[in-house]
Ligand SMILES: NC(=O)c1ccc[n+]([C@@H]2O[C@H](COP(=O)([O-])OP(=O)(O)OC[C@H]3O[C@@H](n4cnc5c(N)ncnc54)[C@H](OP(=O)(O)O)[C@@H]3O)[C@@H](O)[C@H]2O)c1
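Presented below, as structure tokens, is a lone chain in the form predicted on its own.
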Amino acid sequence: MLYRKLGKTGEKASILGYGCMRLPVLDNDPGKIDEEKASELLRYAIDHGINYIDAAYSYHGGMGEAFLGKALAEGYREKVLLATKLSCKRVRCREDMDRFLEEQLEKLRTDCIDFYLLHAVKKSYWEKMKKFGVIEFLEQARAEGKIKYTGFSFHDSPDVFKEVLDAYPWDLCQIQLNYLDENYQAGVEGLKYAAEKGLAVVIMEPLRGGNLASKVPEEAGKVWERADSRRTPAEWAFRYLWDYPEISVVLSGMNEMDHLKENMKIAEEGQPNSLTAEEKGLIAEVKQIYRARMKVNCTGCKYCVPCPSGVNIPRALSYLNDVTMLGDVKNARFQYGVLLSPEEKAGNCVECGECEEVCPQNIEIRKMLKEVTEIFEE
């Protein structure tokens, strides 16, 4: 496993981090983690060099941190840098911050969280957190030894990113980046800005919700075949990111042992500035192919669920992208009809708009669900 410095902290982290938002579950229920399988995966990863673990208060319906507390027992906690997040969405007053932190420490069975991040920061959340005294809270928590380093994960414009970053001497930021999102949200501009200020930069959504690995257009596959080095689509996506020396860690939510082992093998060659000009040109070609086909800018983060009307929004939108990116209407219609229950289908949307209020990608979800209904239900 290769390691890089986490900015000005001086800590060293594996370039591949374990994201705990998509752990294996039972009965397709996000709140029922398959603890035996998830523990096996996590401990295998740590035993083979992965030492950055990313969690959040809200992951797996609030059950993710409690699982980690158990999985990191028997000496595993001491082997990792543990990052988790304060839910900006749930904070209603200054006291909430203290209460959530104490709850998280208890769930994680630890006295100190290595990296404590504000979760999914956007303009409205930042204004609210400032009003409630978040900077004072962070300083107090650090002084009391409950957290070691501070940070934030981010979903908004480059201007807001710079505003948040300049407001406090953060240690780390977590941004969405992949070869499709160079100019989206913080983007490459934000990556460079943060690195110049000495922050560690952790990357989420490297495969864009899995789309860059599993939903490969035929034209894109032909581009990859022209490369001198034979690599999987997932490897191309990871290597694109690790080529940036400013990136410290790339997160991946690995819920199958084959995926974990494949990603660790890819990470063995994740050196900065290692891609050739020709390889970068191939990535640019594939990017244009995807951008021309993608209908919905959805990463499958699931912030939009549960929907009050029961619609499985991420799954419904993914089938719409299947049609536009892969052109396989027949198969997409079959899966939509078979794999979604009647209650989960897009036609149940009552256009309440709650999903759009929390969508970090600012998708016009109601409009897209109408299109899903037209294609798959009418």
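In this text, residue numbers run from 1 along the sequence as written. Remember, it's a predicted structure, so these values are computed and weren't measured experimentally.
Just so you know, the form predicted in complex with this ligand exists too; it's not on screen, but the next bit is about it.
Close approach of Gly209 to this ligand in the predicted bound form, 4.5 Å, heavy atom: Gly209 belongs to the contact set for this ligand.
Any non-hydrogen atom of Met204 within 4.5 angstroms of this ligand in the predicted bound form: The answer is yes: Met204 has a heavy atom within 4.5 Å of this ligand.
Ala213, heavy atom within 4.5 angstroms of this ligand in the predicted bound form: Yes - in the predicted bound form, heavy atoms of Ala213 and this ligand come within 4.5 Å of each other.
Non-hydrogen atom contact Lys107 with this ligand in the predicted bound form at 4.5 angstroms: Lys107 lies outside the contact set for this ligand.
Joint contact, Arg22, Asp54 and Asn263 to this ligand in the predicted bound form, by non-hydrogen atom at 4.5 Å: Yes: Arg22, Asp54 and Asn263 each sit within 4.5 Å of this ligand in the predicted bound form.
Region of this chain that lies against this ligand in the predicted bound form, out of 192-200, 246-254, 107-115, 289-297 [heavy atom, 4.5 Å]: In short, 246-254.
This ligand: the contacting residue among Ala71, Leu82, Ala120, Met129 in the predicted bound form [heavy atom, 4.5 Å]: By the 4.5 Å heavy-atom cutoff, the listed residue in contact is Ala120.
Interface residue in the predicted bound form among Arg77, Arg90, His259, Lys148, criterion: non-hydrogen atom within 4.5 angstroms of this ligand: Of the candidates Arg77, Arg90, His259, Lys148, His259 is the one lying within 4.5 Å of this ligand in the predicted bound form.
Interface residues of 145-174 toward this ligand, as seen in the predicted bound form [heavy atoms, 4.5 Å]: Read in sequence order, the residues that approach this ligand (within 4.5 Å, in the predicted bound form) are Ser153, His155, Gln174.
Closer or farther: C-alpha pair Arg315/Pro233 in the predicted bound form, relative to this form, given a change of 3 Å or more: Relative to the shown form, the pair is farther apart.
Comparison of CA distance in the predicted bound form with shown form for Arg315, Glu235, at least 3 Å: It is farther: the C-alpha separation of Arg315 and Glu235 rises by at least 3 Å in the predicted bound form.
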